[in-house]
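Only one chain is given next, in structure tokens, and it is the form predicted alone.
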Amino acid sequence: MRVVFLSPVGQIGGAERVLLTLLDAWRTGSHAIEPLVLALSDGPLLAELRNRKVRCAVEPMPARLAKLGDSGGGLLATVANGLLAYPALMSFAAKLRQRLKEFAPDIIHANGLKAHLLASLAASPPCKVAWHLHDFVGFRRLAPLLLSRVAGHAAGAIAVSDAVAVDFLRAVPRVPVSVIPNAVNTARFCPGTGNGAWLDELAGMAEAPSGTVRVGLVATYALWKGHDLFIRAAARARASGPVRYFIIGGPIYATGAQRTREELKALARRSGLEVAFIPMQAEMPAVYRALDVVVHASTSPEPFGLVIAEAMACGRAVIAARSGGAKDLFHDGEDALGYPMGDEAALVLALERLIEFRSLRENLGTAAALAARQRFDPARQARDMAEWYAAVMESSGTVPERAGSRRSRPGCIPG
């Protein structure tokens, strides 16, 4: 079975890390799937694919489409920009249709919202289209309308969490949804010796005093990732010993719904917080291990929370907002500390507890690593995805619905 993954970006964010993990699991398993990747912009993702000897190509998306966003700005501006981009959308979809024919796929696996729309417009029968839902759709302005218009072209959708599935079914009820949670390569993301001095060096910082606690937020620069909340809370947190704060990540999309590093640096200066900025690294497990505390500070519900899962797998003490799909990833007080989403005072208290008590950090980290191996198994995701593809290929249209509730087990289509 030939599956073409349509990636809206060539950078590496959460959805792209999930894709790479899935490809690695298939490579080590016995699944009869030939994966190919067509990215709509160039970037580090392509190098990672070539290293894995996965066939890949780039078909650059026009700048007007790449910059088109649906989660920021006013309603009128969003609608106007969408109308202005319509000719470019249809022209690019026609170009993409010809490019996809070269791959002769059985399934086009659309790995992002723009990819969902483009794949549905560009697919040629008998190829099937699968939407991989990494984000909430319901709160967006245009996405529910646009996806509803092309819903008949989708064989089905895969949601990364129950929260995403429920949200999608409310917005686009015509497309059946299966819940297949994300996985983490637990052979790579695993406990190990942390090298805090290496992280300091990356940040251009001087040697840290003995006993320094390193606290980091790992996220893209999307507005809702809570960098401002993290900075304010860190500035308020009291500590009896030395603490260093890090923000690891960067912008990966061309839309305006994200911050710049300069904006974040200015916010840190106004808050009186010294924080180091580091881009996403090829060896993210080493980054997690170098941190003593990993903070998840999203101020909107998280579709899944891949950083939480990765940091847990590396045996780190995690602080995470209890919301969306993230709340299902950990047991509060057992393998991570949870707090109400957006609650700055609660985040300050959680930071102070983990900064002050090394034993709490170690106990949470040990429990987190064990839980991650059980909850985020890549072999499970690879198996469930292959079975879902088989169901798609056997069906005459959309994937047939099965009995079950919306809070279904992985691989089950909500009824």
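As the structure is a prediction and not an experimental result, all values here were calculated from the model. When you see a residue number, it is the position in the sequence shown, counting from 1.
Missing here is the form predicted in complex with a small molecule; even so, the following discussion is about that form.
Contact annotation: the small molecule lies within 4.5 Å of heavy atoms from the stretch 305 to 313 in the predicted complex, the single such stretch among 305 to 313, 267 to 275, 284 to 292, 185 to 193. Proximity of Ala15, Val18 and Lys225 to the small molecule in the predicted complex is complete: all three residues have a non-hydrogen atom within 4.5 angstroms.
Residue contact with the small molecule in the predicted complex: His134 places a heavy atom within 4.5 Å of it. Shown alone here, Ile319 lies farther than 4.5 Å from the small molecule in the predicted complex, counting heavy atoms only. Within 4.5 Å of some heavy atom of the small molecule in the predicted complex lies at least one heavy atom of Val160.
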